[in-house]
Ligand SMILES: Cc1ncc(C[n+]2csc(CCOP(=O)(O)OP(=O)(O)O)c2C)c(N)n1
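The chain that follows stands alone, in the form predicted on its own, written as structure tokens.
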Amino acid sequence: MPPKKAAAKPNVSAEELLGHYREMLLIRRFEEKAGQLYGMGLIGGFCHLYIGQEAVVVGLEAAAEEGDKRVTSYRDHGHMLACGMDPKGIMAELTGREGGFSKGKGGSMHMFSKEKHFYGGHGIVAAQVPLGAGLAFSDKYKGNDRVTFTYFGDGAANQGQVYETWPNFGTCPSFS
């Protein structure tokens, strides 16, 4: 039997891990409340929840730096919370109130925050992929080291926008 290897030291503190857990819990509780309000008819249109995916956005936001951008699909509430947008403003938008991030006109799928570099949730499957590419190219042309996080799910992976955008990025092992 080979000898056991010593466990690697974590590169994140217990305090940081607790902070990540709190962020995931905030997203979960927010989404549960949004689902409840949607069921009561207080949120108009559609309301796609991010329940079960909290760790994805919290983990990537932990790696993000000031000035990095993000764009996502219609499951966007968790992304907004994770990048530091005010939960009250998000809920105001969901419920159609003027205090929302899009003045109550965007609802669940169309919120933006230039200040937080959040370029929206998009209701058309995979529509955010070319937008994310444009944001990334902007930073490339500016010569800065910013990153654009473009989130999409498995249902978007086979959409034309993804394949039309991808050749601009070169070869990717997962798409080759």
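Each residue number is its position in the shown sequence, starting from 1. Being a predicted model, the structure only gives us computed values, none of them experimental.
The same protein has a further form, the form predicted in complex with this ligand, not shown here; the description that follows concerns it.
Q: Wondering, does residue 130 line up within 4.5 Å of this ligand in the model of the complex on heavy atoms?
A: Judged by the heavy-atom cut-off of 4.5 Å, residue 130 is well away from this ligand in the model of the complex.
Q: Whether residue 155 contacts this ligand in the model of the complex should be assessed with a 4.5 Å heavy atom distance threshold; does it?
A: Answer yes; at least one heavy atom of residue 155 falls within 4.5 Å of this ligand in the model of the complex.
Q: Does the 4.5 Å heavy atom contact test between residue 74 and this ligand in the model of the complex come out positive?
A: Heavy-atom contact with this ligand at 4.5 Å: present for residue 74.
Q: May I ask you to check whether residue 123 falls inside a 4.5 Å heavy atom distance of this ligand in the model of the complex?
A: Residue 123: yes, in contact with this ligand in the model of the complex.
Q: Only one of 28-36, 130-138, 146-154, 110-118 has heavy atoms within 4.5 Å of this ligand in the model of the complex; I'd like to know which.
A: Result of the contact check: 146-154.
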